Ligand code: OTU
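Shown below, as structure tokens, is a lone chain in the form predicted on its own; questions about how it binds or moves come after it.
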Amino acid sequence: MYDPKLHFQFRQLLSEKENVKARQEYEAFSQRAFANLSRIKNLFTRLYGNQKNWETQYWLLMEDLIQTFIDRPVELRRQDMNREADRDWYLNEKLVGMMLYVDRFAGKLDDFESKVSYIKELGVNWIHLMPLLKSPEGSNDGGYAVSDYRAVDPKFGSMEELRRIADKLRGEDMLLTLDMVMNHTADEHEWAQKARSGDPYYQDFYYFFDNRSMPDWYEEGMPEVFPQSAPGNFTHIPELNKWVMTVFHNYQWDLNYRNPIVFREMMKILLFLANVGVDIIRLDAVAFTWKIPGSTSQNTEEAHVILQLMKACAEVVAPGFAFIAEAIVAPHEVIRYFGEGESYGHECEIAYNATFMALLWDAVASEDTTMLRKGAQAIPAKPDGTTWINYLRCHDDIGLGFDENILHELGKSPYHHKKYLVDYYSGNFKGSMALGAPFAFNPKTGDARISGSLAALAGLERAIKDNNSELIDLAIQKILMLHGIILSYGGLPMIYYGDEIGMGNDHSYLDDPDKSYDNRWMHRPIMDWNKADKRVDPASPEGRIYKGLQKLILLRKSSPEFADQNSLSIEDSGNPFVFSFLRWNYEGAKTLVLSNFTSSTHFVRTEHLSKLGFIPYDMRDKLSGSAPKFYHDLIEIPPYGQYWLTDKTTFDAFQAAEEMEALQSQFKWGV
């Protein structure tokens, strides 16, 4: 709603700022600001309107936005304008990501800079650098306990080096993602140190209590995130004789977003990182940001309002800056982080498809895709203009939060099925080749999650140790089939470093007392560059995976129907061992992906293809460049095989794509 007084007050505030010389960008900023003023004020009022100083804090927030725009480098302002003209820039089929730890991948930032060519060679053009802001020595939750949001940890390098890398990536048309830890700071953060010293101003930045009365009320509804290593949600601070909320670890103090100053400070930090040159920010633990006693204190309405307010502010200052919601919760809750109701599409543009990832691993262990198909179909539809990150592995464990109604429908006991998966991936089930481990076992509930690298969980690590060539072949085919799914499914594919060369578990973490209690470090490996050098040998496991993945990436980039325009249909192939989905675009291109989740040959009836509008015997497979194998009215799919099937019109356009020149110069069809 237009509010003349509000606009006049903002224009006055804007006129007091000098040195805004880039008129075109200035006018664009003014237009964005006036378009969002009422929305920002309404959202701010919903959170803080019952506080005496809310209006003062609101106008201080407006000043913050103006100043961060003034501080925004000119090249980033111009990039914002280009991305405003191309609102779907992050939905592109040409985007392929990789996430990595700088120190474990390369050493320091200047060493990483020299490794960008390795990543680019694979075809990756979007890099997520795992936490690298300053954190305490020793226990720091892998960098998710931040002691200074405006400084790079010295073990990685400097903020100036990070800016240089951001500039380098932008110059090579590559995107940069960093983490913003939303829910908590390290207990060594300046705010926490001042709070610990007794300063009430900074104690109000956190949840402090004089006795256990309120903490016990909170505990009634709050689950434990790390029941083994960090039970409970509060920590006693002896020097203050107070309790502070610590949902994750006792050295991570939860921020109190009921305090508007906390919101303003975190908003300034968010925009500071945008001004460093970050394209996409991963908002860590967004589900936890607003606490309500007696509830789970996750996914609250206020947590969503915080995100809506942050997004509205970012759209004013840096509209070319996108948000990822790190909300590993049930699908009906995850979908809300895209925005719903009046905020539909106005929270985060991107979220992790954690349920789909877990369903893929369920299908691998079960050698049955029924749960995968039904579970994927049950994920709610997302707003246009938003997208999923699809991935196989990441720095975190694999949770097993499946829809228990589907398990019951399939005649499976949720308890016994999850136990089977944990046993299977821990190598404790007869016939399993996996070498993972249970994580965060909760003796109260019997729940556990799974740690382990892709190669370890897919059986490659054990097959290599056993020197079993047949099982090595099957594991490699399984790894490429799974990557083929995330590269063709509806969303942005994210590859985890080391997976591109089949790195196994790294047990060196057991020698570090600050890591040994957390077996997730087994799949956070120190990069083996000798192993990476083997990628040039097409007969080695490393070369077969790297070259196979490189080819899949190039094929994805040549397939415009793989852009995420909500153009995905999960189909029933008629064979429970084969997962089927259709991708298309509105120019008429379409591709059917068929994936065999077993170590045996399987068949799909050609009528499945006909029902989807294809002429079966005229179809071509993008992966081989030839017709698929037919046997009478059946299409044959080899063990862990995959087809990207398309019609002649789509295939001809596909062959003419600009990436095909690179593909044909590097690969031979059918290999």
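From 1 onward, residues are counted along the sequence shown. In this text, all values refer to a predicted model and were calculated from it rather than measured experimentally.
In what follows, reference is made to the form predicted together with the ligand, a form of this protein that is not presented.
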Within 4.5 Å, heavy atoms only: does F226 come near the ligand in the model of the complex? yes
Is there a heavy atom of A330 lying 4.5 Å or less from a heavy atom of the ligand in the model of the complex? no
In the model of the complex, does A285 come within 4.5 Å of the ligand, counting heavy atoms only? yes
Heavy atom of E349 within 4.5 Å of the ligand in the model of the complex: no
Residue (of N596, Q252, T387, T289) lying close to the ligand in the model of the complex, criterion heavy atoms within 4.5 Å: Q252
Going by heavy atom distances of 4.5 angstroms or less, which of H483, R449, K311, K418 would be at the interface with the ligand in the model of the complex? R449
Partner contact check in the model of the complex: of 532 to 540, 115 to 123, 139 to 147, 88 to 96, the stretch with a heavy atom within 4.5 Å of the ligand is 139 to 147
Residue by residue through 375 to 404, tell me which have a non-hydrogen atom within 4.5 angstroms of the ligand in the model of the complex. H395, D396, D397
